[in-house]
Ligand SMILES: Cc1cc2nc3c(=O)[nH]c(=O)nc-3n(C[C@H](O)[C@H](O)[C@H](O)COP(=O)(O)OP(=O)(O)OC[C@H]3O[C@@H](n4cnc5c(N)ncnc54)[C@H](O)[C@@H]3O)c2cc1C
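Shown below, as structure tokens, is a lone chain in the form predicted alone; questions about how it binds or moves come after it.
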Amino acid sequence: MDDGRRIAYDSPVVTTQFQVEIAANRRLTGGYFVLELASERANPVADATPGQFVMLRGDWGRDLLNGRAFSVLEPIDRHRFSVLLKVFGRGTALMQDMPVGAPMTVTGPLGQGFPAPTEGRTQLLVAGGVGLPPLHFLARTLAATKAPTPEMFYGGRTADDLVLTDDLERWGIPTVLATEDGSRGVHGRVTAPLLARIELAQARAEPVELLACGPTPMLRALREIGLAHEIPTYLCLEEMMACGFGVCLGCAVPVYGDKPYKYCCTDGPVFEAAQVRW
């Protein structure tokens, strides 16, 4: 496998591309699976922060030329990291069937992750479906430090969409689960128990902040909740990306300020909710 190479473009972005092999391909429920990727040499994903992502591409020749963007699930060590995926289209279907030892190309880590915890505020982490990885990563990071324990609100359509919950239990992360069909946890959308928790916090004068990743409709709702309750809210957006480092300009996000748009891959994927012009 290659050592990795630095790629510089006309933009100020400089990123790293390197080769890996699939060390494990673990299937979960609901079409979800975890890929563990390993490189011969130490790779920069070891220094990724929660919310950053990588672009992955298999050895597929001219089929599916562009990589696919996935949040980092866990930097395991200097050589290995993992991502959580769900089969949505042709690219993820190909990845689900890739055997151990298959080569892949990685570009990353990319983007801007979540901010450090604000002293004195309880972090309420809100994950929807495949939006779990950056918050799972964040929960693990905080559980390993002396930082205040966050609380997780994790929702999906069915019980099969709620994966890796054993990790949260093992780390001692208080977790509220919700499913739209009532097959696990609270019956309904995850925003309902979250609103109850926010109201409790405001009755107690307890400062909280929201950090979320999931489907855009969920993030739109959380933006409104955060603004209405005057709570600091950070959204990890899910946008289609072709390059991952600001060249293709395909992941524009409407924002307030001097510029009408920013780009999910370089300015995000984490944005302050008040900044996003939805």
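Counting begins at 1, following the sequence as shown. Just so it is clear, the structure is predicted and the values come from calculations on it, not from any experiment.
Separately, the form predicted together with this ligand exists; it is not shown, and the next lines address it.
Stretch-level contact check against this ligand in the predicted bound form with heavy atoms at 4.5 Å: of 184 to 192, 201 to 209, 80 to 88, 97 to 105, the positive one is 80 to 88.
This chain lacks the partner; the member of I231, V253, L237, A221 within 4.5 angstroms of this ligand in the predicted bound form by a non-hydrogen atom is L237. For the three residues P50, P109 and L135, a heavy atom within 4.5 Å of this ligand turns up in the predicted bound form in no case. Among heavy atoms of T92, some come within 4.5 Å of this ligand in the predicted bound form. Contact between T29 and this ligand in the predicted bound form is not found at the 4.5 Å heavy atom cutoff. For the chain shown alone, A242 is a contact residue for this ligand in the predicted bound form, at least one non-hydrogen atom being within 4.5 angstroms. In the predicted bound form, N66 approaches this ligand with a heavy atom inside 4.5 Å.
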